[in-house]
Ligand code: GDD
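First comes one chain, alone, set out as structure tokens in the form predicted on its own.
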Amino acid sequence: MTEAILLVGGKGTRLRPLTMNTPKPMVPAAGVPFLTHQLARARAAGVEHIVLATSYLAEVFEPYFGDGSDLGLHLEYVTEEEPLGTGGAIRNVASKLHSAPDEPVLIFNGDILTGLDIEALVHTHRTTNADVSLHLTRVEDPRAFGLVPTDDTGRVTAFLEKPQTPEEIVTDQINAGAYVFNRAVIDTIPAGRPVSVERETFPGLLASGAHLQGMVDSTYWLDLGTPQAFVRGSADLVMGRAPSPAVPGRCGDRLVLDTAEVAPDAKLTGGTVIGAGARVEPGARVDGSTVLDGAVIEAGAQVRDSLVGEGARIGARTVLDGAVIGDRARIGADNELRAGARVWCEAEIPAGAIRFSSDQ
């Protein structure tokens, strides 16, 4: 298998108010745009040609990645004029594929950070003679997901909606967002209209007698659908919990990019990333957080599990815990923002204006 489709879609809007016009796959995770990790892992698994199926702010991808040669890839781009859903997006790029009808095509989701063994998924697909193979992962609480039960051989038996009662939880297996399709199957997806793979394509294939094979791989898996998950994913990449050949440095507690300044007594832990040109002043503590280019963490500030946008400034002794600070925002000294607080781009909060803890 040398060909793949990368679905880069609408979930990026969840970060848009905090990162201006930068879609989530281009927000730096462990020092490089998140999409770089996806592309590098596919290349390491032997993929040479990738078609990016894009919609949201698609115009930023091609200028950055170009033809993909810097990553050892051949990249092409197809932009949806209207949202087509996962199945529709796959069908929409079919004309760019070079594979023969019986050859496998990898399809993966730009919003998922995973340690999936891509070569093992392709091997499973080939050895079981499947029409489509799916990466499945197990979750402790499957109520938020559609369920994918399989038989003793791993063959998929159904696609079930999110369970509403305990009796409906017949498995803890869910669709993890990576597939291998035989090229011919892609051509059976209706063209020119929205199509959901889980609600239409996969159930339709099952009903027609097609062979859908599941491969359960319970390695690292994280849906980056929220800013908190994005920060966690970046930290896990830095610490080596989520594998990627694109991390620009050794795995460890911290990743400090070139031209960043960190005071000798500042403490960086938990997979923290300090972007280019950013500054962390004396006595500051930054744990499990992403500090983007040009941001400033002033003396004595404490930042935990937070995203600090480009050019933002966090005042002295201010506490951030699970917060997201937009690009160029200014947080004055002695503030306290916790529990998912959001500060929009270029907003200003004066010194001592907000606290979350009690007066005691």
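We number the residues from 1 along the sequence you see. Treat the numbers as computed from the prediction; the structure is a model and nothing was measured.
Keep in mind that the form predicted together with the ligand is missing from the display, and what follows is about it.
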{"item": "The ligand in the predicted complex: contacted by all of Val8, Thr86 and Gly146, heavy atom 4.5 Å", "value": "yes"}
{"item": "Stretch in contact, per heavy atom within 4.5 angstroms of the ligand in the predicted complex, of 66-74, 304-312, 318-326, 46-54", "value": "46-54"}
{"item": "In the predicted complex, Phe230 touching the ligand (heavy atom, 4.5 Å)", "value": "no"}
{"item": "Partner contact for Phe181 in the predicted complex: the ligand, 4.5 angstroms, heavy atom", "value": "no"}
{"item": "Partner proximity in the predicted complex: Glu261 to the ligand, non-hydrogen atom cutoff 4.5 Å", "value": "no"}
{"item": "Partner proximity in the predicted complex: Pro104 to the ligand, non-hydrogen atom cutoff 4.5 Å", "value": "no"}
{"item": "Contacting member of Asp131, Asp223, Glu281, Asp217, with respect to the ligand in the predicted complex [4.5 Å, heavy atom]", "value": "Asp223"}
{"item": "Heavy atom within 4.5 Å of the ligand in the predicted complex - the one residue of Gln213, Ser244, Ser99, Asn175 that qualifies", "value": "Asn175"}
{"item": "Residues in 101-131 close to the ligand in the predicted complex, defined by a heavy atom within 4.5 Å, in order", "value": "Asn109, Gly110, Asp111, Ile112"}
